[in-house]
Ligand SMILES: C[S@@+](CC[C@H](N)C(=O)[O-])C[C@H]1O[C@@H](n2cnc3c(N)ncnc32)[C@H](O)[C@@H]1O
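Just the one chain here, laid out as structure tokens, in the form predicted alone.
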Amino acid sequence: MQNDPAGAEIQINKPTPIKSSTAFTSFVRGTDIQEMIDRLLQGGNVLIEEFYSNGLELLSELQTYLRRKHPGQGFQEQRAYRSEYRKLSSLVLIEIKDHQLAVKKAPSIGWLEKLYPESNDFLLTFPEVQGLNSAWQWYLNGVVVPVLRNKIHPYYGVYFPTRFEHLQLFDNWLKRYDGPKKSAIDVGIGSGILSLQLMKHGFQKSFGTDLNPNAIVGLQESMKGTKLAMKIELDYGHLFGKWIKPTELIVFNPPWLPASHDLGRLDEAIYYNEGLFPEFFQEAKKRLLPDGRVVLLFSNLGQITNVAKENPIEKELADGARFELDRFFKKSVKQASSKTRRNQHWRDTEEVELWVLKHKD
């Protein structure tokens, strides 16, 4: 638990510990894997013991089983596959003792001590541990973002981009931006990339918000003792949070896909509910100076995968009550790596978009 800039306590999002007394079936080398998959299908827990690699083996076989069950390569079919995998793999558990995984040849994950300082003996799901391990490596080693001078070190549970075409669009727009640079509001600041771009291009102040407490805590930690701590102010809150003073620039990199289920923590960075954009535009209208601009980074992903009936920004402009289009830019997305297991054929026609809006005359 940490404090936000106003002194209020923020509860960090982290995997919920499972009691060690939870009923389970033990999985060690030599155990019949199909029996373990059947156990998962019946809703029973499986505990990985002996070696960390046993968990990797079981999940790999589970993926193979589900690919046979969901052989379709379309977007919706792959979403169904991932949904069932999440459900079944969450029944695969592993034990933590004294902030270490209680199996041989396991990675050392600093988050276990950082996030659970008072917990010594508990269980987590194996996919959660995999996520913690990956996040720890990103945090330690940093992530290179082409539009920034330095690496970012994303905190656990904070979304960060793995492709950068939309950030390059924003950077190119900032290079040509000749408006005032006194302040900007960064809605959903996440790992802080848009605000860092604003600082790089001469903005004096950025007011960032996020509904993910880990984003606020992570940025507080990374900026502590630096000049950025004075230039980027943070608020843990929905959309604009406590920032009500009008500004000359509002930037927003919203989720790009409409939600088809209840949103989880990281899902909120990827999927939007139907009320998000109407509320954003309503509140942005109140906080934009007369000659200011609203910049949104978006994609046509929802349309080309047939999961969205309309572009929410186009819908706002068609309504015509609050904003009108000032500038629009788009950029084709780099094809998916040949190493990825997901079929992402739709990326051949995906384009990222930068929308610049101004007050309706």
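The first residue of the sequence shown is number 1, and the count goes up from there. As the structure is a prediction and not an experimental result, all values here were calculated from the model.
Keep in mind that the form predicted in complex with the ligand is not shown, yet the notes after this line are about it.
Does the ligand come within 4.5 Å of any heavy atom of residue 159 in the model of the complex?
Although the ligand is absent here, residue 159 would touch it in the model of the complex, with heavy atoms inside 4.5 Å.
Just to confirm, residue 254 within 4.5 Å of the ligand in the model of the complex by heavy atoms?
Result yes; residue 254 sits at the interface with the ligand in the model of the complex.
4.5 Å heavy atom contact, residue 212 and the ligand in the model of the complex
Flag for residue 212 set to yes.
Residue 234, heavy atom within 4.5 angstroms of the ligand in the model of the complex
Judged by the heavy-atom cut-off of 4.5 Å, residue 234 is well away from the ligand in the model of the complex.
Quick one: find which of 79 to 87, 128 to 136, 202 to 210, 242 to 250 has residues within 4.5 Å of the ligand in the model of the complex by heavy atom distance.
Answer to the contact question: 202 to 210.
In the model of the complex, which of the listed residues (276, 148, 115, 259) lies with a heavy atom within 4.5 Å of the ligand?
It is 276.
The single option of 284, 109, 94, 194 touching the ligand in the model of the complex, heavy atom within 4.5 Å:
Contact residue from the list: 194.
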